[in-house]
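Presented as structure tokens, the chain that follows is alone, the form predicted alone.
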């Protein structure tokens, strides 16, 4: 199912790209805006100086006896001195006729500022006019003052570098904040994913972890799906348990009648047929019983009723219960357990697991054999070893599966659920089931517990 899952670019990467892209756009926009504002401020500063210079030139123009006199002030040009040694130009016109300075400097219009090419350089030109009125004469004087923009270019280049560095720093900071914001935003989703992934295969309880508002519909849908799935599984397990219970009772009645009939039948072929019937009934009854046990274990595995137990005492109790079965085959059950082997677990499930493992060992052990049951306290583990034919090496990995039986099980009553039950119980307690063959012969089943 996982292989067929279609995926697209991750949310983390998508959000990171979106935030970094936005940060890059803002950094470029910030650079352009700040640089444009700096150009405006720097140009305004140059214009103010040019205006002051132009005003001083116009103020120096006077009429004396009807003649125009301009006492050109030195300060009007010296104030335009810059570290870059910008060149300065001026032109004076009387009633639009050139009087002094650089002819052709005057820009379009009589007043204002303009930028143009002059004398092989780009200059900023300030143009203004003033009307002089005498006793019998009236004239208009127009002056233009210009300055190259080398110093302004140097200033703007420095400002541009500063703004670029600032924008780069802003972008890098925004990238770090984007990564942090993305990780913080995605963390609840990762936490939810981890919480669901850590669950056992049978844990269908609803997700109760607090989640962001945007994830609530997803979590709600997941909880409803798991509720429907749990209800379906519960119904299936209930059906199996009910069916096993209803089958086992009439089977016991049929078996008792078959045994009674066997005592009254003399013909050998009829006796063989009845024994085969009794054997089939035993197999069916055992399968029904184990199905019932498996349904109960499946239900309790998600709701363990833990108690502080001594696994050694629990093992001895099961050995005592199965002693009559062992005596029928003259099999010795040897228990090697420490004085205390504590375990926090569900006693009913553990009893089922031990009973099935020991019962399997008894079934496959030869007559007058020995079954060793060893308990290790640290780490806690229980090993059951028989002296039977052992597990088929190529089937060991498959034997804990439902209804799986080895090739050597022919002629032995069983349903293929004993190891499945043991494995489910051990895994519900956080442990694992390990199957192997002993070097000296026989099968070894080890139940390892994490605590």
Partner chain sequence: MRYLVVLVLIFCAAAAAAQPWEDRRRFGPEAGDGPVLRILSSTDTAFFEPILARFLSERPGVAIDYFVTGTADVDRRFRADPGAYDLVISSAMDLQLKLANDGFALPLAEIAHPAWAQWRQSLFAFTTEPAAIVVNRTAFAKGAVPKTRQALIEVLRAEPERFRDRIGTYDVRESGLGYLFATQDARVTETYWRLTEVMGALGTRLYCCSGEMIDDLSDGTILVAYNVLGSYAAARADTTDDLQIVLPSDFPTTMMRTAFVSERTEHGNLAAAFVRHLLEREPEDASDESYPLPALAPVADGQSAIVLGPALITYLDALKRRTFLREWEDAIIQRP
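Numbering follows the first chain given and starts at 1. If you're wondering where the values come from, they're calculated on a predicted model, not measured in any experiment.
Just so it is clear, the following notes concern the form predicted in complex with the partner chain, a form of the same protein that is not shown.
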{"query": "Site check 68, 81 and 84: each within 4.5 Å of the partner chain in the predicted complex by heavy atom", "finding": "yes"}
{"query": "Residue (of 379, 104, 73, 250) lying close to the partner chain in the predicted complex, criterion heavy atoms within 4.5 Å", "finding": "73"}
{"query": "Heavy atom within 4.5 Å of the partner chain in the predicted complex - the one residue of 95, 190, 205, 100 that qualifies", "finding": "100"}
{"query": "4.5 Å heavy atom contact, residue 148 to the partner chain in the predicted complex", "finding": "yes"}
{"query": "Distance check, residue 364 to the partner chain in the predicted complex, heavy atom within 4.5 Å", "finding": "no"}
{"query": "Residue 77: touches the partner chain in the predicted complex, heavy atom cutoff 4.5 angstroms", "finding": "yes"}
{"query": "Exercise: residue 89 in contact with the partner chain in the predicted complex, heavy atom 4.5 Å", "finding": "yes"}
{"query": "Segment assignment from 148-156, 310-318, 342-350, 273-281: heavy atom within 4.5 Å of the partner chain in the predicted complex", "finding": "148-156"}
